[in-house]
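Two forms, one chain: they're shown below as structure tokens, one block per form, named structure 1 and structure 2.
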Structure 1
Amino acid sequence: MFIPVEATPPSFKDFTLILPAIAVGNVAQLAVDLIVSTLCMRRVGFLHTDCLVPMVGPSPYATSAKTAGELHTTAEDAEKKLAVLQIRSPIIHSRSRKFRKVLVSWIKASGFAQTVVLSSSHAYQRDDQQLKGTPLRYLVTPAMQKTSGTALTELGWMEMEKVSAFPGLVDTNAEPRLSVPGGGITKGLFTDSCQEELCLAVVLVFCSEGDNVPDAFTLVNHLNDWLLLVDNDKRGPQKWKVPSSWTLLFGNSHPPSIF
């Protein structure tokens, strides 16, 4: 259930929705942080659900003591007709299917024009064809293919390849299948969206656990080539505003006394 922070609920009609999947390295969540921080998006509400592990914390985008106590989940940029849903807590495994249904139902009821799911997948589980070219891939539902398929093809994006059901074994009867190892609800949400005829795209990057900040910049720059969220004339991380919460992303620096 979506809970607005103001008395008048916001209208998301014909907006683009961006949300992360809880996946390898939390790359998608970091990318969403960059979008919200750079565009200075205002908080408009949150999703109330029992499908996530309960948590509480200060605003990750706080710039002063005055804003440090604000929680942040759903934000919007009315001028760009853009809405972002940030997910910071792990999905309870036994309620993953229910959470996907909640998301699909809310997306349909809100009237979003298109939805973009940012995600990541284990780099070490790529097959031979996925080792070629860029580590970035995309998926689109049939409905999204009709509206944006040509644009993505013109950008030279690579579609996520289907892989053998039994890697290493030759079985002519086995059809290749979609696999997003380490992608959390990515595959399930994509499949549900295909069945519900939603305009949804998945943009993901192959990566490994570790310092995934560079992967987040790679993913958000790739997305920006399509959606043009910020000025594309600027190159590198300078065009993205890093949120204040990232200053302690890896904790405090080493104590000098150890030397």
Structure 2
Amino acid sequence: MFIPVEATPPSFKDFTLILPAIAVGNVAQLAVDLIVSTLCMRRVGFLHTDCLVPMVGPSPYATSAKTAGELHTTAEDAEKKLAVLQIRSPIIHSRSRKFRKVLVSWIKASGFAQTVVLSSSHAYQRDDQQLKGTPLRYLVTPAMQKTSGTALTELGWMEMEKVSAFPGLVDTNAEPRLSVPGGGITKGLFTDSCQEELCLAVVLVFCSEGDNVPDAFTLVNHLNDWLLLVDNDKRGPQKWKVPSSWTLLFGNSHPPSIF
């Protein structure tokens, strides 16, 4: 359930929505953090649902001590030229289908013009054709293909390849299928959106668990080529502002007293 921060709910009519899928390496969440932080987006509401593991913390984008005490919960929206939904905690496994339904119905009710799902997939499960070229892929629903399909083809993006149902076996009856291993709700959300005729695109990167900050920059730079969120003249990570919540991603430093 979307709960606005202010008394008058924001209108998302004809906005572009960017949201992450909780997937391998949390790459999409890191990428969304970069977008919110760089564009200094303000929080406009919460997605209050029993499908996510409860979690709260101080402002993840705090730039000063004054804002450091602000409370942030599991998911939030920020609004400027586009709306961004950040999901900060894992989806409760048994409620992932319900969560997809909640998302799809909210996207439909809010009237978003298009939705972009950022995601990631296990690099080690790529097949031969997926190993070729860039690790970035995209998927579009039929509705999205009509509006933005050409633009993505012109950018030279690679569509996510379907994999054979039985790798290594030649079976003419088995149709290749879409597979996003480690992608969480990505495939389910994409399939639901196709059925509901939503304008939705998935942009994903193949990666492995570890330090996934570089993957997040790769993904967000790739997305920027299409949506032009920030000025593309700046090169490298300098154009993106790293939020304060990224400190100590790998825990505390060693205690000096041990030596």
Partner chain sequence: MATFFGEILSVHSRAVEEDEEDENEEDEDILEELDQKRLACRYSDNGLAGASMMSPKLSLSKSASVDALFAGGLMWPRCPVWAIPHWAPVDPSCTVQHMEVHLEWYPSSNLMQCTNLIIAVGSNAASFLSVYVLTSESWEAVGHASLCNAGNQNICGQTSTEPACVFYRNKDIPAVIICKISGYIEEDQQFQWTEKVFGCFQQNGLSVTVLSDSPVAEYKNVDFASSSSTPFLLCLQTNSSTINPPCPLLEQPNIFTGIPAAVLSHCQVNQIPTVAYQCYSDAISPDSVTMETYKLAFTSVGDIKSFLRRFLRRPYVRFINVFLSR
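FYI, numbering is relative to structure 1, first residue = 1. Throughout, rigid core stands for the largest set of C-alpha atoms superposing within 1.5 Å between the two forms. Because the structure is predicted, anything quoted here is derived from the model rather than measured.
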1 or 2: which is the form predicted in complex with its partner chain? 2
Verify the C-alpha shift of residue 8 between structure 1 and structure 2: is it 2 Å or more after superposing the core? no
Superpose the two forms on the rigid core and tell me the Cα shift of residue 253 between structure 1 and structure 2 in angstrom. 2.5
